[in-house]
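What follows is a single chain, given as structure tokens, in the form predicted on its own.
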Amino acid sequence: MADQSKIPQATAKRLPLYYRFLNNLHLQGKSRVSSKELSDAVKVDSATIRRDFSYFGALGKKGYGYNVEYLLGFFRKTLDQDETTNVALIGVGNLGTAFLHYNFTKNNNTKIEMAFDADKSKVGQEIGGVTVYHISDLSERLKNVQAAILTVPGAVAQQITDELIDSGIKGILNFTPARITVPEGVRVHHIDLAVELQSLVYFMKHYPVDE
């Protein structure tokens, strides 16, 4: 097993992309893949892929490529895909509801186990097979949950974050515009859809993709 502390963060962020594509190849019955095929599929250049894989001692053979089953097993262990990570969704508005209908079990072993909202009319509903509880039940319910998706109004984001941390949550995917603060030992990934869209439009205008 690779020493996780030695893997650059940029490489670590690409691992789920590789895993998803390799899993699809495996389901199709393919036994090997070249770095060029991987490159075309995940839009990462071949040299970067070879460097990423070298951190795991996975060196492709010229004219043969990489063994799909070996890589898949390796990434499954690296990404802890043999265990299910339970996730809570906080805020059952339009975006939160979409997440519940989608859930994530098709691609990996993360699963939204429960949802919370302040609207009493939503409490007790099942959306996408996930039960909605009242926000006041957070600390009581979050016993076996490791991460949370935050889709609440920005004005209450920090308050809810504090409650999540008090309940033992170690990771938050923040879809609110608020830049929440957390203590050491808790990881936050901020995803501001408006900023991402602005960024996309900027790059479309100023850095057009070569045809």
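Because the structure is a prediction, the values reported are computed rather than measured. Start at 1 and count along the sequence shown; that's the residue number.
Same protein, other form: the form predicted together with a small molecule, not shown, and the subject of what follows.
This chain is displayed alone, yet in the model of the complex one of 180, 145, 156, 33 has a heavy atom within 4.5 Å of the small molecule; that residue is 156.
The closest heavy atom approach of residue 122 to the small molecule in the model of the complex falls within 4.5 Å.
At a distance threshold of 4.5 angstroms between non-hydrogen atoms, residue 114 is out of contact with the small molecule in the model of the complex. Interface membership of residue 152, defined by any non-hydrogen atom within 4.5 Å of the small molecule in the model of the complex, is confirmed. Although the partner is absent here, residue 160 lies within 4.5 Å of the small molecule in the model of the complex, judged by heavy atoms.
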